[in-house]
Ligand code: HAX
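Starting off, we have a lone chain in the form predicted alone, written out as structure tokens.
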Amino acid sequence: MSILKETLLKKIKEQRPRTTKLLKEYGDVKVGEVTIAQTIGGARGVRCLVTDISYLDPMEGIRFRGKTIPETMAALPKPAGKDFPYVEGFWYFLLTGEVPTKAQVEEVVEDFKKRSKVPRYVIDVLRAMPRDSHPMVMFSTAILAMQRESKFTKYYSSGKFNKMDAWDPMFEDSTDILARLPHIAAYIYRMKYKGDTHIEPDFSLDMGGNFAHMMGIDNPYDDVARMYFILHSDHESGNVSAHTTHLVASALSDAYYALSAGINGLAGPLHGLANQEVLGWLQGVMVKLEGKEPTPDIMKKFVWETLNSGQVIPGYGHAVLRKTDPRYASQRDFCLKHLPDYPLFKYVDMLYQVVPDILVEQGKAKNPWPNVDAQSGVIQWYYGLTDYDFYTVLFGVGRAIGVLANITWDRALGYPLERPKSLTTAMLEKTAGIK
């Protein structure tokens, strides 16, 4: 070990007990308007961000522009014969707060088609990357590579910059990006996992339909795409991907810089990887139970054995929600309609029937109900998308809808550079009265 690394390790070992003591013994001590626990603990629960795009209600789940998920799905226009709304109409709804008419949605659909061509140099960049690069690295790189197209950057450099008009090029950039993301995502998927064979877009289709087409997955995967992108679009402003996108945009960075940064945050195991981890765990459960038909008695026994061994049940619990995540419920309804006899779904559904009561009995979980990740990977696997690493890219396409709507409004309202104030550990110790 080098002298530098050895010295650093010594300092780390000295510092850790100080931080632990502050959290455990003085966490409730106020530092201004917040507590020491909040200053050290990632500002959890600190109300210092504003968004009208979505709100996370503990009992009702996500509200998009004031509407619950069921209300949103019911209100928005749908393609003929489909169960889920146009993603383009959802974009209109998030931006304006108004439910669009079918004609208004069709106008956005046509606008997306005109914007959707991915520049050739972006494809060249992707093809120059090692094929074993993670798909999220490719996805983020492609977004960043398109920055040369930024209309906001050109406007800012024109010498005619007016802060109150800056929302316009931000909207244009955001719409350009969103129209291209399904094409980029499908290209990465086919290049990495389908022998570099590609499917040309079908411009007679909406965003969800065209994405399924370019992925090479038969319907009703088009409805899976619409549902998945809408459900994963936004989650207030405090989650890592949304907050990072907002933070970078607050420096007057354009939408390309901001979204690429947010996507990098989404790639973190504590944010966007949960669905694939839950799926892996579920498949492990099937192996341990030798694929037996899941019954309440079998599953209860397994769950208790898991908990008593010190492990958790992945996909259950949420930092804010205090009931079943409506995003989970929406996906469950889809499964009950389209894949009720799929063995993996049967395991998921039996867990849903037994886990909440067991967690309540155990008494450790604030929220014993399933979240969105408990279900989403199962649907992807059923439709043949069995490459775990790609799941977060799907999440990223959806998340882009909400965060791009947010930064368009941030720019419209002239929100300033975000710049919280930091304190040293010694300052916290002084506030806590530690000598």
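Just so we're on the same page, rigid core means the largest C-alpha set that superposes within 1.5 Å between forms. The first residue of the shown sequence is 1; numbering continues from there. Computed from a predicted structure; not experimentally measured.
What comes next is about the form predicted in complex with the ligand, which does not appear here.
Residue contact with the ligand in the predicted complex: Phe139 places no heavy atom within 4.5 Å of it.
Of the heavy atoms in Gly272, some are within 4.5 Å of the ligand in the predicted complex. In the predicted complex, the ligand stays beyond 4.5 Å of every heavy atom belonging to Val248. Among residues of the shown chain, Lys30 is not one whose heavy atoms approach the ligand to within 4.5 Å in the predicted complex. Picking from 103-111, 305-313, 162-170, 75-83 the stretch near the ligand in the predicted complex, with a 4.5 Å limit on heavy atoms, gives 305-313. The candidate spot formed by Leu359, Asn367 and Asp373 is fully in contact with the ligand in the predicted complex: every one of the three has a heavy atom within 4.5 Å. Of the residues Pro201, Gly209, Gly317, Pro326, just one reaches the ligand in the predicted complex with a heavy atom at 4.5 Å or closer; this is Gly317. Scanning 29-58 for heavy atoms within 4.5 Å of the ligand in the predicted complex gives just one residue, Arg44.
Once both forms are overlaid on the rigid core, the distance between the two CA positions of Asn219 between this form and the one not shown is under 2 angstroms. When the rigid core is held fixed, the Cα atom of Tyr382 travels less than 2 angstroms between this form and the one not shown.
For Ala179, a C-alpha deviation below 2 angstroms is recorded between this form and the one not shown after rigid-core alignment.
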